[in-house]
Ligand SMILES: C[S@@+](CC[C@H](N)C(=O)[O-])C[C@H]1O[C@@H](n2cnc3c(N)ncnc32)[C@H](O)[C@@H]1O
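Only one chain comes next, encoded as C-alpha cells, the form predicted on its own.
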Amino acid sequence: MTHPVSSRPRSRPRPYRRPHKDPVRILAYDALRAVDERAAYANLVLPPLLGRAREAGTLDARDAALATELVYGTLRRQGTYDAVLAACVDRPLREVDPPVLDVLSLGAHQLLGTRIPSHAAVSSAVELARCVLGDGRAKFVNAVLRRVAARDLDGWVTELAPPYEEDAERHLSLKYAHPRWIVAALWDALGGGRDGIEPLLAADNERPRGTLVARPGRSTAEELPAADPHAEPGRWSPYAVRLAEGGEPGALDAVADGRAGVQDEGSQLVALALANAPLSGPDTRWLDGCAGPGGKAALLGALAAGRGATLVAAEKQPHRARLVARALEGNPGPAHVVVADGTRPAWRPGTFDRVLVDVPCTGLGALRRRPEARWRRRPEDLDGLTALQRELLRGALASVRPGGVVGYATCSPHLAETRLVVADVLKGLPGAGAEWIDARPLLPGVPELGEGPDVQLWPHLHGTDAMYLALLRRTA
C-alpha cells in the first residue's frame, strides 16, 4: 500500500542566531563574579573594568552609568532579590550555580529596581545568559525571570514579607534589603519609631555623591569646582566639595596630584573636631593611631602643619602604611609614618597632645558605599572587633599627655562599637583618668546631633556616612 505524498513543504529549521553581546551587561556580570568569587569590593573592582572599557571604546558615559547602577543596585538589594528568586525557582537557591544566580540577580534588579521595561529586562538577561552560560541555561533564566516579572517590588514585598505589625524587623529587612540583625542594630542606635528607621534604611540604598577634601595648604574648596562645573561646596566641612551625580574623582587633576582627596564629609568633620578641641598646654605633637589608608592622616597632617605641629601616622600593616605615606606626599610641614600597633604603643606614655584613633569596625555606617558589606558581616564579628576597639582606645589614652585630647571614631553606629566601648574603657581607668568633652560645638552648623557629649552622624539626617565620634580629655 502506498501513502500519498503530502504537498505541504517541510518547515526548515530556524537558523541559529548568535547571542547579542551587550558590553554593559557583560561588564556588570564580570564585576559581580569578581565580588562573588574573590570576595572583592565593588568600589575596587568596578573602576578598572570601566576604565578599560572606555579605553577600548566599548562604553560611553551613559553606558558606564548604567553598568554602575546594575552592579551597585544588584549588590545592594541582594537579600531581597534572593528571597524573590527563591519563590520563583523550583529548587533551593543554594543549588543554583553562582554564575547563573548572578545573571538572575542582574535580571531581577532590572525588573524590580530600574525603569527598564519588563520585556527588555528579560530579553537582555537572556542574551547575557546565552553569552556567558550557554543556550541551555539561558532557557532556565528566561523561565525564572518571567515569573519574577509577574509582580513589581512592592508586590513581592507584600507577598513575601510579614506585615509590619506582626514582625517589624523582618518586614523592614525584606523591604529595604538589610539583614535583620543590622535593622535591629540601626534601630537601637537611632531610637524612635518607624518614622526614623525607614528614612535611614532608604538612605543606605541610595548611591552617595562623591565628596572631595581640599587639603589645607595645597588647595581650597573654592578652587576644586573649577574642574567640575556641577560640583558644589560641602554642607558642613569648609574643605568639602561634592561632585555631580556620577562624577569621577580619579579623573580630576587635583586628586591625581594629591592636592585633594576622596573623603566623606563625616570623616572630615571627625578630623576637624579633634583638631579644634580645646587643649591646655603645648600643642605640637599629634598622632593618628590607626592611619591606614591615609585620608584622615592627610587632613590632620595639613592642619597640624598650619599650627606648627608634627603628625605621626601609625599603621600596623606595612602595605597600608605605604598608602598612608603616599597620601601624605606633598603635604606641608613635617609628618612621619611608622609601622606600629596601636594596642601596644611603641612610644613613651604621654608623648602626644592630640590623638585620633579611627578603629576597625563592621562598617555599618558606610553601607551606601560598600553595598556588599551588609551581606558579608555577621553578628559574631562584633566580639573580636569590640575587643580590638577597646585595646586601641586604651592605647590612645596611654599615648596622650594629661590635658591632651583623644578622639575615638568609627564608621559604625552600632552601640556595641561606639558608646559602649568608650564607657567601658573609661570605667576601667584608675581614678578619674579621662573625661568626656562635648563634641557637638566642634561641629558648627550641623543639626540634630543628639544629647551629647558624643556625636553620631547619619546618612538620612546629615548626608554623610554614619560616623561616630567621642572626644576625651586625659586628666591623669
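The numbering used is simple: start at 1 and walk along the sequence shown. The model shown is predicted, which means the values in this text are computed figures rather than measured ones.
Heads up, the form predicted in complex with this ligand isn't pictured, but that's what we're talking about next.
- For L388, a non-hydrogen atom is located within 4.5 Å of this ligand in the predicted complex, even though that partner is not displayed.
- Not displayed here, this ligand is kept clear of R76 by more than 4.5 Å at the level of heavy atoms in the predicted complex.
- Proximity of V157 to this ligand in the predicted complex falls outside the 4.5 Å heavy atom cutoff.
- Taking non-hydrogen atoms only, P360 approaches this ligand to within 4.5 angstroms in the predicted complex.
- Between 164-172, 283-291, 99-107, 328-336, the stretch whose residues reach within 4.5 angstroms of this ligand in the predicted complex through a non-hydrogen atom is 283-291.
- Three-residue candidate spot E222, P233 and D264; no residue lies within 4.5 angstroms of this ligand in the predicted complex by any non-hydrogen atom.
- Residue in contact with this ligand in the predicted complex (any heavy atom within 4.5 Å), chosen from G295, G395, G210, P371: G295.
- Proximity to this ligand in the predicted complex, defined as a heavy atom within 4.5 Å, holds among R320, R151, R259, R180 only for R320.
- For the stretch 333-370, the set of residues having any non-hydrogen atom within 4.5 angstroms of this ligand in the predicted complex comprises A340, D341, G342, T343, D358, V359, P360, in sequence order.
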